[in-house]
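Quick setup: one chain, the form predicted alone, written in structure tokens, and binding and motion questions come after.
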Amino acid sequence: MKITDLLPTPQVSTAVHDAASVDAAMLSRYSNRAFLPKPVDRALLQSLLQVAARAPSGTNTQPWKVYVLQGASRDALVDKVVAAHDALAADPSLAAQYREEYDYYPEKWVSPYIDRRRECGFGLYGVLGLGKGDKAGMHAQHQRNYRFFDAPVGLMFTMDKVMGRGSLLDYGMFLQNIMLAARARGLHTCPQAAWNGFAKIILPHIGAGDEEMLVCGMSMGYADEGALVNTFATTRVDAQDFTSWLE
């Protein structure tokens, strides 16, 4: 099925009658950190990517490239990156070999962003019973990223290096579309910038060209609703606190 087959005609007059379901998809989206081994049908993945492709982008550049890993290809990448992560923990001087293509986080943290970051980290580790000095436990939990949190589907997103920073804004909207389309199909996700430092391992593995850079990864599958880690929920600032009304 082509994406044009999915478009309502005309788009401008299409009514969305069930606002509650749209809101539910947004409100129930969270970073799921424990998945069931239940496989995800390829046709289902294809359909949500088709819908997500309607994300806006500057002058319709559509800068996204998606690599879907399942089965042996997924498992092989996990083994490679887990080994590199362990080696890095044993010898921090190896950090120079693993550089992100772009700065995801600021070089210097300031309030309120550092406060929210700490709240998130302390809250997650608190749910898991990991104390501040438990380096081994924190390493193991962080490494769960590189195991796709046991999700059967891993996605890697790249874009051409020639594109500007505005394409990262476009990419964010595309990623959100994917996550909301996944929720509509009973799936959960976890977007992951944690993979970015291991791009030199990931890009050759997925067959990305030299002109591509890694934007992020994502875990996708069916949530393990009984997992303790999935009871963790982050807070959000109230809309009135970040909105200015000008009349």
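Quick note: we count residues from 1 along the sequence shown, nothing fancier. Note that the structure is a prediction, hence the values are computed from the model and not measured.
Omitted here: the form predicted in complex with a small molecule. The next part is about that form.
A.B. asks: Any of the heavy atoms of R33 lying within 4.5 Å of the small molecule in the model of the complex?
C.D. replies: R33: contacts the small molecule in the model of the complex.
A.B. asks: Taking the shortest heavy atom distance, is F149 within 4.5 Å of the small molecule in the model of the complex?
C.D. replies: The answer is yes: F149 has a heavy atom within 4.5 Å of the small molecule.
A.B. asks: V66 near the small molecule in the model of the complex, any heavy atom under 4.5 Å?
C.D. replies: The answer is no: V66 has no heavy atom within 4.5 Å of the small molecule.
A.B. asks: Does any heavy atom of A182 come within 4.5 Å of a heavy atom of the small molecule in the model of the complex?
C.D. replies: Result no; A182 lies far from the small molecule in the model of the complex.
A.B. asks: Looking at L214, I178, C190, L187, which has any heavy atom no more than 4.5 Å from the small molecule in the model of the complex?
C.D. replies: The option sitting close enough to the partner is C190.
A.B. asks: Look at the stretches 206-214, 191-199, 37-45, 52-60 and give the one with heavy atoms within 4.5 Å of the small molecule in the model of the complex.
C.D. replies: Only one stretch passes the 4.5 Å heavy-atom test: 191-199.
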